[in-house]
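Take a look at this single chain, the form predicted alone, given in structure tokens.
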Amino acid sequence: MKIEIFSLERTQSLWENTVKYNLTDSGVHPFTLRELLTEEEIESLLSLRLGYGQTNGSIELREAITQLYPGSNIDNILVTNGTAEANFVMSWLLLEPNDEVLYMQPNYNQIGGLAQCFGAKVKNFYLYEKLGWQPSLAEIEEKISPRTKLIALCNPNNPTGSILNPSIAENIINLASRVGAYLYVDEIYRGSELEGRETETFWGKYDKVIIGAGLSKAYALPGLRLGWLIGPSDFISKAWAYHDYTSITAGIISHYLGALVLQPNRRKTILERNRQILKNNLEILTSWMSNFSHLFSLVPPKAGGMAFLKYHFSMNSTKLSNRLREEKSVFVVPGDCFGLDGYIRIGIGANPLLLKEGLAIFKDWLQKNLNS
């Protein structure tokens, strides 16, 4: 079994900690424990005994997660080390050689790479900028077949920040049902909607729906490395057995904090804070773009910690990213990481001062190099 380099993660890992202005993060500026917890909760945390805990997730945490998915119970939940492990366990469990996977693009491409690694055939369908980053149902209907084992979505989407139109989502569910395919939806950005109306989960829409999510993005808690799978109880039982062969369990501190974070009032406060950061930073980026209306265009993101800018000048996106990083210590994600040259992804969840300073330097670079 051979695996391809995961270009997005490798690109970020190589450079995000070596630059002065890292504009590649796709989440929201992380909390500190003091910002997140009361003094009483911090004291309680200090008394926590550092054992393994329940390997499929503490009962308290799984009960908190079920509140996000109407009709679910704790047997529908498996807690993982981040959503990356959730994606891996799901792919490992479901996919066999010669299975077909219908895969949304652009996307966080972990599942596509894993599918190929496990011998499955990946058939991409695309979100189109001219459609407001929505898919073409005709394209999906053309590519789906009785051999389709899995349809994989990211909703809200990384990198575009789009949210599937409800009628399109319903049609995708119907198509999955028609061929008996599993429908896996990465919902890690659910809760980060800029206008506040939370995206409806796919959970409960079809008996073969599986959801992956976690606390890294919408909740601004990537350091907890806490994710989860939610699916039919028989699937989750099997997934737990696979999880025994990977990380065994998420950390006991993450279990404890996750159960606190997902209590309704705390969750509401966290998401409101994060949405305000995203809205303010999108305004900063939009104002910056007004200086270069002939060079950049953007379908405004509806959710998530990033904006996917199209640029209208002749330069490969990896070359653009490398030059900015090498010459100005400003790091943006090249569209090449998503198979879409001519775009860059800029994080809008960053510390606002860092974002402003980084964009100011980017502006100076553009003016000097493109004679704007």
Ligand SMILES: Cc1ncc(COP(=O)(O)O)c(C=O)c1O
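Sequential numbering from 1, following the sequence displayed. Just so you know, these numbers come straight off a predicted model, no measurement behind them.
The discussion below concerns the form predicted in complex with the named molecule, not included here.
Interface residue in the predicted bound form among 281, 158, 254, 192, criterion: non-hydrogen atom within 4.5 angstroms of the named molecule:
Contact with the named molecule in the predicted bound form is made by 158 alone.
Among 133, 202, 108, 125, which has at least one heavy atom within 4.5 Å of the named molecule in the predicted bound form?
For this set of options, the contacting one is 108.
4.5 Å heavy atom contact, residue 321 to the named molecule in the predicted bound form:
No, no contact at 4.5 Å.
In the predicted bound form, does residue 260 have a heavy atom within 4.5 Å of the named molecule?
Result no; residue 260 lies far from the named molecule in the predicted bound form.
Distance check, residue 154 to the named molecule in the predicted bound form, heavy atom within 4.5 Å:
The answer is yes: residue 154 has a heavy atom within 4.5 Å of the named molecule.
At the 4.5 Å heavy atom threshold, is residue 188 in contact with the named molecule in the predicted bound form?
Heavy-atom contact with the named molecule at 4.5 Å: present for residue 188.
Can you check 140 to 148, 84 to 92, 230 to 238, 273 to 281 and let me know which stretch has heavy atoms within 4.5 Å of the named molecule in the predicted bound form?
Of the stretches listed, the one contacting the partner is 84 to 92.
Just give me the residues of 21 to 37, first to last, that have a heavy atom within 4.5 Å of the named molecule in the predicted bound form.
Contacting residue: only 26.
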